[in-house]
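Each of the two blocks below gives one form of the same protein chain as structure tokens; they are labelled structure 1 and structure 2.
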Structure 1
Amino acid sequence: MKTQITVLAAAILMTTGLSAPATAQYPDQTINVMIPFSAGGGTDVPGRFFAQEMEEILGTDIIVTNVEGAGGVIGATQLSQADPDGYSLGFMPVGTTTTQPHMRETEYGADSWEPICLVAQGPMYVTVPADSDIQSIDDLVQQAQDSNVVTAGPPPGSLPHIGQAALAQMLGVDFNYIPHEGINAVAQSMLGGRVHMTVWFADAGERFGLRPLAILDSTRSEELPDIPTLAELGYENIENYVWFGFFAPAGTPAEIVTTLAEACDQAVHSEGFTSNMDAANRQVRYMPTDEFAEFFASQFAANGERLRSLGLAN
């Protein structure tokens, strides 16, 4: 009898021209994109450029939420525990996703995410205040040997922190590292004379009046072509670049990941995104989902080994 009623209802719908309501297509509500650092910081700048393009492509509102603290761990933890429904997403850097889990007991790991796409990458530079007496890497070494070099950056486990640790190890000196919550606070300490050096992106000079001494990469960059590599200055090269990726919590349905991946491809290659990144002296680097997933897994393992070699891992 129940089956007959169901069939009868379907027939009535057909004869009256009515149809059952269609399943809503993703996305049909506001998306939240979490950035695990402060507004205006190194992750926030490309993240907001990216979210702006994604909003237009997906045709829905996107709210960017900055969740500060613990080198990005607080925001990443919240995201890893969010419903995997495609409406809670994250724009996160290499440090938060691939170094912090090796340095502390985090509630997330390599299997906590659905990597969607790689968005940007950029080399880092050894920088000092514009009026600093430290004019070269040789001067930096000499000051570290004679007195003290105070360095700063985001909390331990961030790429600026790891870059400075690797630099000190290679130079055979010690730096006194003071964690700050974001580059804005670091720049204030440097310009106030409390910090001698930091490792940051190509925009450190334009945004904060810092002077780069060397690039932490094997080749010079297009953004600052006059800044030499460490090898050109007689030292060993250090490759310390930061990348930024777009992530969903593990378990997000494949069809939603596909929709986001297609939108990401369009966003990263859009004129608006590339022109904004150029103006900010940031490098665009795109990887699609499958390639980014492999890259992420390899970076997670490699950075664990790197941290152990520096004595920074658990």
Structure 2
Amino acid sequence: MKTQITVLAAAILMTTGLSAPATAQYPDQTINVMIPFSAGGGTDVPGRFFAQEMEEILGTDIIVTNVEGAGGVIGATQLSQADPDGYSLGFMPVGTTTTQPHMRETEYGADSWEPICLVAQGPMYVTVPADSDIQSIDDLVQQAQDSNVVTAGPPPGSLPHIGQAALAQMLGVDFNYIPHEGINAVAQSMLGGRVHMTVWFADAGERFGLRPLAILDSTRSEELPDIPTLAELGYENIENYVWFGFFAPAGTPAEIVTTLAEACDQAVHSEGFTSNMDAANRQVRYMPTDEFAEFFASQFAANGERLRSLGLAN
């Protein structure tokens, strides 16, 4: 009997504790951070580094879940429909949040989120195989005019695809784009001599021995300072870089967003995060809430515009 009462009391305590999280000090329970891509991948690595620091700063458990599929749309849809109570958050890249909604009828849009902060970014480069005859962008144009240039990357609508399409448009040539499952399959085709060019991150050189020709950004990067911008080579610059942000579903209370934003500031600038990112060869880029919200809105509009001009969105 005694034990039954104890159990009952414990049960009552537990249920009341669970039903009234709003009155307690945030955060007082486990936070779920959703990453819409597979573990160990390009989004997951910075996401997990970031979550690790946030866990320490917020003083609560953080569980990272990978909800994969459809370019991150499955995970983003789940998150957009979650309770905006500050316990369901997401670490999502540019594509999932700003290109997918233009290309297909996603159940979320630009106003489904409370952007909290920008965490990381990665510029992309025009890249060719090490032993390729193409030594410069001029050579690339020449080959496209003389015969054909076979390019490769992830499925249409992905950033590498948009990047090479924008490049073709700017150069006034056509590329023959062959979709692949991901960068690993692309590298296989490039090293096998079936593909001439791709648009990818800085690590393509070190990992696969590919050779970058130019950066798709308005300035040179710290990681590859010898690679020129397109403007330096006498063409128009193209900005095509991936970024990763920290998001809450729309409707999350302002004070929770503030708490998270402050924690994010600390996490991104922490010793642990920067050294981890450094070791993994990834770039940190921080923007506080207001700046990030503005940036997000402009990216959403700009990418929509770009996809429409390339005929990839209506």
Partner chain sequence: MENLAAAVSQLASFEVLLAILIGTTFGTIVGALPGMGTVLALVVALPFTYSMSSIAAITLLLCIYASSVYGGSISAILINTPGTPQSAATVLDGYPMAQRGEANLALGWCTAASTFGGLFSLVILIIAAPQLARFSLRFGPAETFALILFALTCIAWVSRGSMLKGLLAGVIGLFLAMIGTDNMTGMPRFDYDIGVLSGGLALISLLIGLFALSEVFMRAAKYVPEKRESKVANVGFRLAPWREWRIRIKALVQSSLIGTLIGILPGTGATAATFVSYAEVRRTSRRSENFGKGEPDGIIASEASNNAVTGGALVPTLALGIPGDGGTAVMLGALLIHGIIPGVQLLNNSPEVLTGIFIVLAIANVLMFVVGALGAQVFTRVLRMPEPLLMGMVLVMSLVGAYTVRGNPLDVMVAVIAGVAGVFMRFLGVPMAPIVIGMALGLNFEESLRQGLMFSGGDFLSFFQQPIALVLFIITAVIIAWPIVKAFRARKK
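As the structure is a prediction and not an experimental result, all values here were calculated from the model. Heads up, when I say rigid core I mean the largest set of C-alphas that superpose within 1.5 Å between the two forms. Start at 1 and count along the sequence of structure 1; that gives the residue numbers used here.
Comparing the two isolated chains, structure 2 is the one taken from the form predicted in complex with the partner chain; structure 1 is not. In a rigid-core overlay of the protein, residue 207 has its C-alpha displaced by at least 2 Å between structure 1 and structure 2.
Once both forms are overlaid on the rigid core, the distance between the two CA positions of residue 184 between structure 1 and structure 2 is 2 angstroms or more. Once both forms are fitted on their core, the CA shift for residue 105 between structure 1 and structure 2 remains under 2 Å. Overlaying the rigid core between structure 1 and structure 2 leaves the Cα of residue 138 displaced by 8.2 angstrom. Taking the core as reference, the Cα of residue 156 moves 3.9 angstrom between structure 1 and structure 2. Overlaying the rigid core between structure 1 and structure 2 leaves the Cα of residue 127 displaced by 5.1 angstrom.
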